[in-house]
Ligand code: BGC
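As a starting point, one isolated chain is supplied in structure tokens, in the form predicted alone.
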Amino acid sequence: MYEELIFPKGFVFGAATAALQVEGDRAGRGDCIWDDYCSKPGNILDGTNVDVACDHVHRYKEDVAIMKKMGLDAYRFSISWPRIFPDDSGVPNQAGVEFYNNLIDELLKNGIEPYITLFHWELPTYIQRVGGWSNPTIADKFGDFARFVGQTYGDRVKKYITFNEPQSFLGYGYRRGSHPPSLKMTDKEYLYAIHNFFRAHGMAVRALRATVENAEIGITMSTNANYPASNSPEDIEAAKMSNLDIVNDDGFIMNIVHWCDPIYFGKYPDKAYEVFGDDMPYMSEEDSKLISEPLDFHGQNCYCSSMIKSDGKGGYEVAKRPLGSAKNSLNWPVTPEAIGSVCKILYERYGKPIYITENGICCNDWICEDGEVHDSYRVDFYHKYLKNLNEAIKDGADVRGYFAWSLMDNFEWTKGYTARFGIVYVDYDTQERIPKDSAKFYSEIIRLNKSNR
């Protein structure tokens, strides 16, 4: 039914999760801002929390066995900062340290390479109490955390991602107030918090370089991934223009250049100063060097985006998608063209190898009468996106790997357990795992590519 998709030799096929969303087991773990948020009625759609989640802490061997059966090359997971350092004493929680030791060893034993994300939204409560990302001391604190991770796991783990989607945890948490810590900052306050994030990223890169021999380090972004309405040169240029533009959308900044130029070029784009004026933070020479510490790859999350066309005046405008166009169960549009478009734009501008660190779809899944989960929509989604990614590679984008989001159904932030992104179904009452048809489809793609290596 679907065409075979053959990727370049060495291409990495993986799946991803985040600590808070899957781990469970609060023993020894300190509170994070999401624990605080879950404790307040009305914040989470189904009123749930992460005390159990997918019980990954106790079931990691079962989960790794599923990964191995699928043929995954890699597993991207995050380290919970409050599980390692539950309070501000600086004394590590040994149970947390050992969990990640055991998980890493189990992955390596089964031929699966670990990719560690240092921060996937799990800010310790004790850090937020002293200002969180508003407090410049967070850069040093995060650097200390990164150093501990490198010293502890760097003998076995070589792939690291400093942050996952700063646009989201800062934008929703500090500007729009719809995620914890529920702040609605002014432009100036928000831009300052972003600058502190940049400095924390740089401190983490330096710490990992100092502690991990042959480390490969990147960062994961979720910027605009707008795609052209047609193959005309005008629409292609319009889509590129829209992705590289800076628009103050009520302070919510999603463009590529504001988030990536400081990291790769050591400076904010000129347009940022035009848009935000005196609210922009000062970029000192010292900060510039710190923030732009060299990276080995760029991670990009891609789910959906807007279709763009030329406005006929040298600019761009959003094009309307046809009525009835595909959407997922969260009402997000299905836009496979976005994944190829953003990879080509990113590679052209920054020249860094790219990993798609998240891509997936939320569907209304259930166990069918035959005991299986037949998620045909997700199968089609993965094929379309992987096909477009493959075409971008053929067009010259240096894409090294792809991580399906998510390995398993889990706690989907403010949606609780009402939204399922997994390629493995989780029965939250019994914690039974059932690989969906999409897992089998993905496994077949991996098998076909391994046979061509």
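Model, not experiment: these values are computed from the prediction. Just count from 1 along the sequence shown to find any residue number.
The next section is about a form of this same protein that is not shown, the form predicted in complex with this ligand.
The stretch that touches this ligand in the predicted bound form, counting heavy atoms within 4.5 Å, is 161 to 169, out of 242 to 250, 110 to 118, 278 to 286, 161 to 169.
Not one of Y377, D409 and D437 is positioned with any heavy atom within 4.5 Å of this ligand in the predicted bound form. In the predicted bound form, Y402 stays away from this ligand, with no heavy atom inside 4.5 Å. The closest non-hydrogen atom of E358 lies within 4.5 Å of this ligand in the predicted bound form.
None of the heavy atoms of Y192 is located within 4.5 Å of this ligand in the predicted bound form. Although the partner is absent from this view, Y126 stays clear of this ligand in the predicted bound form, with no non-hydrogen atom inside 4.5 angstroms.
For the candidate set F198, Y303, Y347, F85, a heavy atom within 4.5 Å of this ligand in the predicted bound form is found for exactly one residue, namely Y303.
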